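In the form predicted on its own, a lone chain appears below as structure tokens.
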Amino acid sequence: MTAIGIHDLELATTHHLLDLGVLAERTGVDPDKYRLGLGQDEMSFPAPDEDIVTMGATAALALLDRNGMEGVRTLLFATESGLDHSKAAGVFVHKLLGLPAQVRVAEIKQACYGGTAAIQAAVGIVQRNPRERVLVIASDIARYTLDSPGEPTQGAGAAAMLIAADPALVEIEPASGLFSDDVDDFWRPNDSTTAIVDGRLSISAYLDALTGAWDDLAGHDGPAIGDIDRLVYHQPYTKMARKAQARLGEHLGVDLGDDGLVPGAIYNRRLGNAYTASLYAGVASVLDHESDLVGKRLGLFSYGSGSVSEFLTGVVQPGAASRTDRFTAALDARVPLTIDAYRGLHARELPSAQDVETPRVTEAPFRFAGIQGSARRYERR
């Protein structure tokens, strides 16, 4: 059977950041509530001329500059921060990147799980024709109500991945474990710009999904826990990965520890919650910060509230040995926000019926230029 998986992986984020120490000072809480209790230090926040399209296109541009367009006939855009009920966000990216007309484009939605759903769809396309490659983009902006418990877990980021035969980075193994359940732990109604969260239920739903997906993986000839060298989890906040590791160890009757989780949390601690991109930011962080992973097996747990989850595994390929940490420089380049500036941006809404031109702020390759005739306009800087 032809090996299929992640051939290359690139991340992107926003122009701004909010230091959670600054938020803690304004809200009058101990900063350790965020840094230790949540495992978060910063959160990315978009400028007025940034959104999921600009982040996704930025990540994809770097990916295609390295790998070219040969064989790419599909672009799958996974997001739960959708911009339109009909038009896929990936269609905007298609134009910004100058992709040929002979590329199918679609958007995939199921909360934070959508990126994994897109990858599995991409694997199926490549299995059918190993000469094709699929561009997968997972891009999101997590927004919660000001002064709510979820506020310090906001964030923004994008992951672009090239799914191909004989992948350079990670071969995705055929067996996976699935678990779905109709649960109201987190959702965002069509008429709301912020999510609704039942925090306690969300944690229990996540952990139930984890053990359910693991059991299904085991029932479909998946590897034993002892044959997995690194575990990477969806991280709405990085402390959640530690909770997950403890629950999985308890479920299996083994001590998994949590030291191995540190490399996978480096980027997420600074990004905040990137929803569909969260798990794959963790994968990138592991590959960028560990030098001895070639031939090792990764266990990946993907969770999307509401809820759908999947536990899949992948074997690290020789190309991962040449990866370096490029993303920390992008994180360091973000411009800090004051609380007042952050709150002003958070409150900003753009009704589609009102024409508007956005101020020029971002230094990324692409920007959201505004709304004209109820249509979103983008441009390459």
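Residue indices: 1-based, along the sequence shown. Quick caveat: nothing in here was measured; it's all calculated off a predicted structure.
The same protein also exists as the form predicted together with a small molecule; that form is not shown, yet it is the one meant from here on.
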Check your understanding: Of these, Ile203, Ala246, Leu99, Val105, which has a heavy atom no more than 4.5 Å from the small molecule in the predicted bound form?
Key -> Ile203
Revision key, fill the gap. The one option of Ala329, Ala321, Val356, Leu36 with any heavy atom within 4.5 Å of the small molecule in the predicted bound form is Leu36
Practice item. Name the stretch: of 129-137, 290-298, 270-278, 217-225, exactly one has residues whose heavy atoms fall within 4.5 Å of the small molecule in the predicted bound form. Key: 270-278
Practice item. Please run the contact check for Tyr233 against the small molecule in the predicted bound form: heavy atoms, 4.5 angstroms, yes or no? Key: no
Exercise for review: Would you please decide whether Gly150 lies within 4.5 angstroms of the small molecule in the predicted bound form, comparing each non-hydrogen atom pair?
Suggested key: yes
Review point. So, in the predicted bound form, is Gly282 in contact with the small molecule at a 4.5 angstroms heavy atom limit?
Key: no
Practice item. Answer with yes or no whether Met240 is in contact with the small molecule in the predicted bound form, where contact means some heavy atom within 4.5 Å. Key: yes
Review point. Using a 4.5 Å heavy atom cut-off, are Glu80, Cys112 and Phe186 all in contact with the small molecule in the predicted bound form?
Key: yes
